[in-house]
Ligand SMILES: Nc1ncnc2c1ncn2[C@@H]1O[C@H](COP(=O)(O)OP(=O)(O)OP(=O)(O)O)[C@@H](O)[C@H]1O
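One chain follows as structure tokens, the form predicted on its own.
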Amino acid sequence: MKKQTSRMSGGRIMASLIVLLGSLAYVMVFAVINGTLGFLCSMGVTVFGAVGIAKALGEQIALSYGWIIGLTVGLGVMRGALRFVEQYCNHYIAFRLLAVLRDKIFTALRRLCPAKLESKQKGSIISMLTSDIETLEVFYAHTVSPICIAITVSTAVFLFVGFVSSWYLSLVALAGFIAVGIIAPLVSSSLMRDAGVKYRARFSAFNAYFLDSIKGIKDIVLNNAGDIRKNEVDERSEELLKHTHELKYKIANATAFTEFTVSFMTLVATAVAVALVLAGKISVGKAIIGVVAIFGSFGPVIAISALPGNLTQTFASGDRVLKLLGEKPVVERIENGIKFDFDDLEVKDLYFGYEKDNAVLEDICMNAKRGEIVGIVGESGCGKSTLLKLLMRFWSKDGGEILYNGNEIETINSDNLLDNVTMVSQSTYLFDETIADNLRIAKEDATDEELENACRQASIHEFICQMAGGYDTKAGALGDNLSAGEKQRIGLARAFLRGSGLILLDEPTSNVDSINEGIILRSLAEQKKDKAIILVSHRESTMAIADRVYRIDKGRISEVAR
């Protein structure tokens, strides 16, 4: 798959992320109010100090020194309380939304699975569920509120300095706010945008590669490929480090530019105040109050100017998450379709290709009904597994008909289809839970007796009983406590436990020895009396139990004479 380095605009990403606030918007408003009042209180401490100095210089101030001191201390105390409430609200929103986002991503993956996910690296998805989601916490806890606070505080300072001191100083302050809070972030964001996107892409790719290395560590050791893999990991690490340095360098330059701008604007404000005093436009006391107010007002806009360093990564993460949430599935679910209880399947003139004008299957005609085993043989890559996926509607056919009980597959309720048709793939995934829990994925309320019967049918019961914990034995992360054949038989047991009318088996004996293959095939023959089984294999010997056999060759099917 071609890697994409472009993303949505920052404004569009921010707007989309804010929309996700939903009912939490009122908490964000409350956080902004507290943050604004808190910063004004912080400024009030220095401003009232300046008021005290102005009063000592002869400025007409109605407040007594006692009131000035009391207000200064009181505002300092209020600043701490208001800051606490603001941060509590921001992080409450952030962590609540992170939980919501994880749920939305999992829901999106369920919607896209399995067709779209066949081309996605699992490491990339894990990165999205971990680092990308955590990065978005910065946006909700440290971005939205500071921007609103900066706008409110800057407006308040502009008006305060204008009315109390001089509108000339207000204009200087406004110029500083625009330079630090708008121009600097825009320039920095533009400079760091590509670096941020590349960093997140390399970070995700490195996670995917490293996860693959861990999963395949046994094969790496067995093939003495440790040094090769290590060198590749080192090269990818160096590449990631290079992009990290590039991003950090640009962040440092942006920070230096911001600090320079703030220092320059404070010097300009001081110079203008001195000029106004010398020209007799304002008194020394008013000049001091105005300059002190401006000096203490750059905090919120400095916070905004520092955002691009984090936002480049936040926007890259947000872009990836939002694109996944907005991605359309290859096959749309059918919610109000026809419901049926499986009796028979008929495929007529089926045509399908993953790419336009490149058919994988052509003119496929076959049928299956309860009480029989239908075999499908063919070389690897001939389209056998693709046919099974089409029967499950994991992909949409390009032509022809797939009829269940005479009903076109495109008209059948999606959940009802999955209740009637079960597929066992070549590789069975086991969760890091007990074997019993892994089996109950097929039937949540299954009794212990039902579990044992299903496992006997799949020739795995005796093996499970020999394990120290029996059915309560942990399968291990990624099923590492079990061999490929054992996992495959547990997958087969799941299919028997589910009890669907049609079972699709994709190479069900590819990872077992000849003895266990015979046991499994005998179990399948016993199961056919009340269900239909479609058995896919490249082994001719596996077809011995089939009532009818079809051969797929170069995308076309033909029935084998028996």
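Source: prediction; values computed, not measured. Residue positions are given as counts along the sequence shown, with the first one as 1. We call the rigid core the largest set of C-alpha positions that still match within 1.5 Å between the two forms.
The discussion below concerns the form predicted together with this ligand, not included here.
Though this ligand is absent from this view, in the model of the complex it lies within 4.5 Å of a heavy atom of just one residue from 253, 223, 426, 231, which is 426. Checked against this ligand in the model of the complex, the residues 78, 205, 382, 334 give one hit for a heavy atom within 4.5 Å, which is 382. Looking at residue 92, you'd find every heavy atom of it more than 4.5 angstroms from this ligand in the model of the complex. The shortest heavy atom separation between residue 213 and this ligand in the model of the complex exceeds 4.5 Å.
The closest non-hydrogen atom of residue 539 lies beyond 4.5 Å of this ligand in the model of the complex.
The shortest heavy atom separation between residue 264 and this ligand in the model of the complex exceeds 4.5 Å. Comment: 384 to 392 is the region of 488 to 496, 273 to 281, 409 to 417, 384 to 392 lying near this ligand in the model of the complex, near meaning a non-hydrogen atom within 4.5 Å. Residue displacement note: residue 554 has its CA displaced by under 2 Å between the shown form and the other one (rigid core superposed).
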